[in-house]
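Shown here is one chain on its own, the form predicted alone, set out as structure tokens.
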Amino acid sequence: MNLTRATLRPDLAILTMAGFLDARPRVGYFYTGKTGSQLLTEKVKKITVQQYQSIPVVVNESSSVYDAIVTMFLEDVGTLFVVDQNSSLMGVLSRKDLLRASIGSQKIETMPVSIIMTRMPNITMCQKDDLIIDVANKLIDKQIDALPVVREFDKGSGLEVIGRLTKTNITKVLVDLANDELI
């Protein structure tokens, strides 16, 4: 082909960065044998929750169902996380929970959310270092819209909500992968 090493080096560097080639001193460049699908899978399996989590929307367990409905619509979210006075996770409220409570002749202005929320230990959650693919599987298996991202308090006396991971966050991962803009 009559090409110099200097001419080929940028192309080889691109193929190496993409994972199709590997380079070793005194050996040179060689084909890794990985397909594009395998390389994508490896990339996905390195993405953590922390890279894509969003800000959680929380309400106090003494808040009324009415206040929770207002908060949900003002914040434009589908899931609220219920905390106690120490900011420890106590429960989760979905749109369905709030709709169910508002249908009928119940006084939602005075009813606390603690009556209708999903309580511990029935809450599916994740941590910031969890792999995004594992959390996506939890969303699918449990058929839920969002998970709280939690960490233990220093004293081990509860869980603090530090983020949320939703179907929208998972969709953003997919779009970033397609556009090759992964964080």
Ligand code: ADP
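One rule holds for the numbers: they count along the sequence shown, beginning at 1. On a predicted model such as this, the values are computed, not experimentally measured, just so you know.
The following text describes the form predicted together with ligand ADP, which does not appear among the structures shown.
Novice: I'd like to know if Ser88 sits close to ligand ADP in the model of the complex, meaning any non-hydrogen atom pair within 4.5 angstroms.
Specialist: Taking the distances in the model of the complex, the answer for Ser88 is no, it never comes within 4.5 Å of ligand ADP.
Novice: With the cut-off set at 4.5 Å between non-hydrogen atoms, does Ile144 touch ligand ADP in the model of the complex?
Specialist: Because a heavy atom of Ile144 falls inside 4.5 Å of ligand ADP in the model of the complex, the answer is yes.
Novice: Would Ser114 count as touching ligand ADP in the model of the complex under a 4.5 Å heavy atom rule?
Specialist: Close contact is absent here: in the model of the complex, Ser114 is far from ligand ADP, nothing within 4.5 Å, heavy atoms only.
Novice: Would you check, heavy atoms only and a 4.5 Å threshold, whether Ser157 touches ligand ADP in the model of the complex?
Specialist: Contact with ligand ADP, no.
Novice: Given that ligand ADP is left out here, which of Val58, Ile123, Val49, Ile69 has a heavy atom within 4.5 Å of it in the model of the complex?
Specialist: Checking each option against ligand ADP in the model of the complex, the one that comes within 4.5 Å is Ile123.
Novice: Just to confirm the contact call: exactly one of 127-135, 60-68, 144-152, 40-48 touches ligand ADP in the model of the complex at a 4.5 Å heavy atom cutoff, so which is it?
Specialist: Single hit among the candidates: 144-152.
Novice: For 95-114: residues with a non-hydrogen atom within 4.5 angstroms of ligand ADP in the model of the complex?
Specialist: Arg95, Lys96, Asp97, in sequence order.
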